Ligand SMILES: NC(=O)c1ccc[n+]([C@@H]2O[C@H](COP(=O)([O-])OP(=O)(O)OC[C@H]3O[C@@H](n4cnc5c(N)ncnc54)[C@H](O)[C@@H]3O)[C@@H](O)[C@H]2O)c1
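There is one chain below, alone, in structure tokens, taken in the form predicted alone.
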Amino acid sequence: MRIISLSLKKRSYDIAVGSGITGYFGRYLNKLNLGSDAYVITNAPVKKRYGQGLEKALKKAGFSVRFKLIPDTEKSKSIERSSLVVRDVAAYDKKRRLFIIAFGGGVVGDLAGFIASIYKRGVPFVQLPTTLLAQVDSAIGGKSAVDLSEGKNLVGAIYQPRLVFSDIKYLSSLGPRELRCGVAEVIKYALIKDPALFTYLEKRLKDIFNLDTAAMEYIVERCSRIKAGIVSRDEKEERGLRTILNFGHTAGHAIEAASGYTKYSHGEAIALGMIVACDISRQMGFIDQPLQGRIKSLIRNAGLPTRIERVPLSGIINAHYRDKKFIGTRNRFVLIKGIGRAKVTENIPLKIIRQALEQLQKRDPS
């Protein structure tokens, strides 16, 4: 088990990465002294496959356990769903020392973190991520939120977990689409911070999709270290460092919103958003066409979409105006000046953004 420290003074915490480590989870929780009663937010597929093992590990360590199931869909990230869960938390929390466990992927983690941040003005919570996307990205850093019809993640808080426990064994149950979505975020980390990781992905995609343990541990640990380092230096995006983690997300979130969160999963939308960001980077003179093609080839080889289908351009443009990175009327995009070299750029002309999106609506000649 490898331990990565995310340093935030009194809010510092560990990220544990390893294969088959859930048996140590209860022992680790006891050291943190979070409480005695675990309220586990998860979904039915995760509970069916792994709930019994988690419950056994927690009870062996002396914790009481309550599972709360939410639908396995992005639509669970809503004000309405969070209200229902908060009421259930309050009903359960009588003469208890309660803490929350997010046991699932990004949706579960976002909702659980949001609920932990607002209930009693904040109760302890931990992340036990079961998807690649959550292990490499969403479980780390404390961002929690729910969606509105107007846009994604518009209501939320930065509220840090007390522990992130990434057991690679959970990834064995992922379907191909879920795995590809996680790989999209890994590609993001390579593009903003790690040329060696990008080369590794070009050479080892087959091992990753075969769930080779060494390959999975490598990419989860590497991405976790990158994100921990960035968040440690800029927890609330006040210095502009953390903003680079949003590479591909401005257009990606807009594509998700414009499609009603049904056409594309988060990872697929981010893959499309990265292609948009790379096209804008080329138009701005930051990268050349061969590099743009190399990046697009990796995204395609990972089985991720490289075209936007049946989502109106006008809807994407309108949704992108609600992006949280805007400063008043000034847009901000995370672009790249090379692999591993991210650049936050403001006031990109709408003509350039529109042209990049239009390219994605054309049939891919390759």
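Residues carry their position along the shown sequence, with the first being 1. Values in this document were obtained by computation on a predicted structure and should not be read as measured data.
One more form of this protein exists, namely the form predicted together with this ligand; it is left out here, but the text below deals with it.
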Within 4.5 Å, heavy atoms only, one stretch in 41-49, 336-344, 60-68, 295-303 touches this ligand in the predicted complex. Which?
41-49
Find out whether any non-hydrogen atom of Thr243 is located within 4.5 angstroms of this ligand in the predicted complex, and reply yes or no.
no
So, Tyr170 and this ligand: in the predicted complex, are they within 4.5 Å at any heavy atom pair?
yes
Flag Pro161 as yes or no: does it have a non-hydrogen atom within 4.5 angstroms of any non-hydrogen atom of this ligand in the predicted complex?
no
Using the partner position in the predicted complex, report whether Gln283 sits within 4.5 Å of this ligand, counting heavy atoms only.
no
Within 4.5 Å of this ligand in the predicted complex: all of Asp72, Lys143 and Lys227, by heavy atom?
yes
This ligand: the contacting residue among Leu272, Val107, Ala116, Ala190 in the predicted complex [heavy atom, 4.5 Å]:
Val107
Only counting heavy atoms and a 4.5 Å limit, does any residue of 271-307 reach this ligand in the predicted complex, and if so which ones?
none
